[in-house]
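Take a look at this single chain in structure tokens; it is the form predicted on its own.
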């Protein structure tokens, strides 16, 4: 279970997720010889505070409210850094960013996106990745990027819709 799914449980403390994500970011940046600047750190924190993927312009507006240099190039550079470091994922269909719950281990982005509440759950299935590599190789295709986004209804919204129809 990741931070996107787990926030619906009453015992979940989302602040723990944010603190863990920031600590992981600090460690990864040190290991990579990079700096987690104030704007990068705050961008990551704001992305994690949102229970849904956050768009660049939403992020820009929040940073501006807090007095950061929120010029679009500054925000996009921060997002590019966070993406390259593996600290966030880009959910292409929403053109938005999501904190990575597994930043400490390299992996591909696979997402379940609820059409109703717009929550996104990240999942990691190595078997899907392996199968795609094999299929691509059979066609002589070199796979360079991979993001899978599946849309539908999360368990909570599915239950609410079936309960409303009962």
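This is a predicted model, so every value here is computed, not measured. Numbering follows the first chain given and starts at 1.
FYI, the form predicted together with a further copy of the same chain isn't displayed, but the following is about it.
The closest heavy atom approach of residue 149 to a further copy of the same chain in the predicted bound form falls within 4.5 Å.
Although the partner is absent here, residue 23 sits far enough away that none of its heavy atoms falls within 4.5 Å of a further copy of the same chain in the predicted bound form. Contact annotation for residue 74: none of its heavy atoms lies within 4.5 Å of a further copy of the same chain in the predicted bound form. Although the partner is absent here, residue 154 sits close enough that one of its heavy atoms falls within 4.5 Å of a further copy of the same chain in the predicted bound form. Proximity to a further copy of the same chain in the predicted bound form, defined as a heavy atom within 4.5 Å, holds among 121, 103, 56, 39 only for 121.
Only one segment in the set 43 to 51, 132 to 140, 56 to 64, 25 to 33 has residues whose heavy atoms sit within 4.5 Å of a further copy of the same chain in the predicted bound form; it is 132 to 140. Shown without its partner, the chain has 92, 93 in segment 62 to 97 as residues with a non-hydrogen atom within 4.5 angstroms of a further copy of the same chain in the predicted bound form.
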